[in-house]
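What follows is a single chain, given as structure tokens, in the form predicted on its own.
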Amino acid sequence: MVDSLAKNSPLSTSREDYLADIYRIQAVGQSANTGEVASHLGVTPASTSAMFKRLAQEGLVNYKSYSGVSLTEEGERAASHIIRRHRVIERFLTDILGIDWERVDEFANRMEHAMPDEVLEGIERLLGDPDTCPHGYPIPSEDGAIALASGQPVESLVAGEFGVIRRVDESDAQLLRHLRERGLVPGTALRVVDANAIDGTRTLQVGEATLVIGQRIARALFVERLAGSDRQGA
């Protein structure tokens, strides 16, 4: 069932984009500010501030100049509806159409605003009601409930520890391509062979391959630490 706000009072495409971006920033425990949102959306800080004021007047965000912005309860409901559509579409594009995961964000951004709800519901059934997007982030339920994003940065593991990738940083297409080409995707088991305290590099055993990664990659991979019998196959 479609959220009443989205169904009865459709938001403009630009408003949806702003709400979704604020939602993503808050979901990883960060504070959304004018500069960050403007950078993500490719707009000017001035236009972002103006949109924040309009969204605040509509009761969708809490906003004070120079203090950042946060979603209200109503804004969070609207944003979760948008995020749900986006992540289901991403899953469809990768799982059914075979499009590389670094490209699906762009396509989903175009499709999410126009796709009828019954089509989206049909896609969900086709996919078997997936829990996460291709990058490992949880898909909100129809009522807006969402599981916590799982995993901790692989840089938190020490030499000898095992883990399985649960999600990755989805903000950089070049990074996503790099991870895909090296098989560093959700569900992949790994072992930290060495952790260099001087330069922050880590040596990983991934299947039969040995990979050396820098801090950027180590902070982009979120893993579930494995212990005991759970290590089998890592």
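Counting begins at 1, following the sequence as shown. No experiment lies behind these values; they were computed from the predicted model shown.
What comes next is about the form predicted in complex with the DNA, which does not appear here.
Among the candidates 168, 61, 190, 51, the residue which, in the predicted complex, approaches the DNA to within 4.5 Å (heavy atoms) | Selected residue: 51.
Just give me the single entry in 183, 45, 200, 207 that has a non-hydrogen atom within 4.5 angstroms of the DNA in the predicted complex.
-> Of 183, 45, 200, 207, the residue with a heavy atom within 4.5 Å of the DNA in the predicted complex is 45.
Hey, with the DNA in the predicted complex, do 12, 18 and 65 all fall inside the 4.5 Å heavy atom range?
-> Yes, the whole trio is in contact, each within 4.5 Å by some heavy atom.
Indicate whether the DNA has at least one heavy atom within 4.5 Å of a heavy atom of residue 29 in the predicted complex.
-> No - in the predicted complex, heavy atoms of residue 29 and the DNA never come within 4.5 Å of each other.
Answer with yes or no whether residue 39 is in contact with the DNA in the predicted complex, where contact means some heavy atom within 4.5 Å.
-> No.
Contact label in the predicted complex: residue 33 to the DNA, heavy atom within 4.5 Å = Taking the distances in the predicted complex, the answer for residue 33 is yes, it comes within 4.5 Å of the DNA.
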